[in-house]
Structures are given as structure tokens and as C-alpha cells.
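Have a look below at one chain only, the form predicted alone, in C-alpha cells format.
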């Protein structure tokens, strides 16, 4: 195998970790991102600045590489489809990205495939404030949402009358017991690898994943059902690449598919050390035409997102030396130069023999390390 040129659209933490995984392969990696100070910029062999919606710029960038990966869904899919037509390998497949980008279309595709999704209805921008119940109801923007942005819960008529007038779907509010993430990988040969489910615990104020527990604390039958659903989706929808599937389990044990991300995902950071093959290595194996690696988990773990405090300004780490004294913890900082309230600045992976001990270590980290603008 010669050194292959791989271009990554997106230089956030996912792009950074993809580039890091690329070190073990005979490839040359370039990063494309609007921000010259993005986390991956300082760690790439070639950085190109450009907007994610710029068709011509993405086309030019892609034509200079044999393989194009993306770490954000907010990228010009028409450019990706054109690159694919011109013989470039693009992952995960732009055909799935095309319908996943629109939450309304995504939900409809999943429903038509016979997958369990919450009840939803289309809500055009000029009609959304006319909705008359039942409540509560969840408004999700069809496009442009990420990390909780573009999602709003309306408890009553007064709330919906102040709703953002954006093309949306209105979805029934599930009485959620657990939110579960499952990574599934499929290559062009039809091989499939499904990773053990992880349990995601959300910060209610920041509306972000606070920490995740792997493996998820769920009954074996629920795990089997979710892994089977993930495999069914990968086969039926002809996934090529790594996909993250988010499930809801309600208080009665019923499973719903919430959404799909056609790329490496924040819920899979732990796979770097806790699984035989990380999600990032798996994505590169797929596009390089190599066999899939094992998705087996080799250690229980807790992964905690390291969020900035509520200040804004230049980044400072308070308590860093003490944090590194805590045993069985691996820190990954994303190199973001500035903080803003609840910004993701890194993560800590805690590897222990028991989940209970890992949670104890997490609490030690929280009481020790602060990421702030204050010196």
C-alpha cells in the first residue's frame, strides 16, 4: 500500500482524534476547517481553511485527495456526492448523510424502514406556533442543530407561541429512563461490527453528555435488541463507515431510535483505550479497504466530558497537576485556546475493574480540575 492522501472535513476534536488514529497507517492527512485554530490544525500535515457550505472549495480540497472523511454533518453534501461520482472514496456514505442531515426526513426514513421511532409530525416555520397540543412536545429543527442546539421542549400553548420559527419536527416527549448509544461499522464487503452499548448521562443545564458509562447498565435482552436493530439498519440502509445510533429506553422498557450520526461520535471516545479497535481506527480501516477490527470491549470505563466553567476568555487549567495524580485516568485535551460557558474542552477516560470505582474516580476529577478563563 502506498501513502494515500486522506482529507478530513472538520478539525474539531473528532477530526483531531481521526488524524491521531491515522498515524498508525501509511497515509497523509489533511484537515479542512473554517477555523485556523481548530483542535486538529496544529496536528496535521496540511491544513486548509474553508467553509463547510462552500461547494467549490470542498470540491477542490477533495480532488486533491483519494479519500475524504467528514466529522461534522454540517458539510455540503452535494460536493461529497460529486466527489464520489468522480471516483473519490467518501465516508461515511454521502447518500446516508443526505437524508440524515434533515431530522424530518431522517425520522421518516427510519419509520418507513419499520424501526421504532417516537411519534412526530412536520412543523413548517410558518405553522409551528399554531400547534395546539398535546403537550409537552419536543421541537427539533430539521437542519442546523447540534449538541442540543436546535432542540426545545414546549410545556404548553404559551411556550409554543414563542417557539423559534424554524422548519422543525414536533416529537412526542418520551419519558426517558436511559439514553443509549450504539456504534455500528460496515464496510464495502458487507462485514459488520457492533460495539457494546454505552449509557449516556446528560447535563440538564448544558444539554450535553456529561459522562458515559460503558458497558451500559441495561438488561441483556435490551442490549441484544439494540445491537440487532443497529445491525439491521446497517444492512438495510447499506451503511458504509462508522455510524452512531442513539436509542431511548422509556420507563416501561420500550426502545425507540432517536437519531443517527454518520461519522465518529463523541459517545465513542472511550473506544480508543477501552475497546480492541477504536471507532477512529475502524473508520480508517473501512476507507482503506482493510478488514474490520474487533469491537470487543476490554475494560469497564467511564468517560467524562471536561467542560469549561461559565466564564469566557483565554483557557486556563486549574488543578491540572493534582488531576494527573488520580490513578487509572487518561486525559485528552482538545487544545481549544478559549473557553465559553460549558464548552467541551477535553475528556477523561477512567479505566477500572468496576464501574462503581470508575464513578468514584470521576467525582475526584470534578473536585480537582477546573477549566476556566480565570488564572
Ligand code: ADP
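Residue numbers count along the first chain shown, from 1. Keep in mind that this is a model prediction, so the values were computed, not measured.
From this point on, the text means the form predicted in complex with this ligand, which you will not see here.
Colleague: Out of 127, 157, 173, 236, which one falls within 4.5 Å of this ligand in the model of the complex, going by heavy atoms?
Modeller: It is 173.
Colleague: Pick from 191, 165, 259, 177: which has a non-hydrogen atom within 4.5 Å of this ligand in the model of the complex?
Modeller: Of 191, 165, 259, 177, the residue with a heavy atom within 4.5 Å of this ligand in the model of the complex is 259.
Colleague: Should the three residues 103, 138 and 151 be counted as contacting this ligand in the model of the complex, with contact defined as a heavy atom within 4.5 Å for each?
Modeller: Yes: 103, 138 and 151 each sit within 4.5 Å of this ligand in the model of the complex.
Colleague: Of 299 to 307, 79 to 87, 138 to 146, 284 to 292, which is the one stretch near this ligand in the model of the complex, taking non-hydrogen atoms within 4.5 angstroms as near?
Modeller: Only one stretch passes the 4.5 Å heavy-atom test: 138 to 146.
Colleague: Is residue 99 a contact residue for this ligand in the model of the complex, using a 4.5 Å heavy atom cut-off?
Modeller: Contact with this ligand, no.
Colleague: With the partner left out of view, is residue 246 within 4.5 angstroms of this ligand in the model of the complex by any non-hydrogen atom?
Modeller: Result yes; residue 246 sits at the interface with this ligand in the model of the complex.
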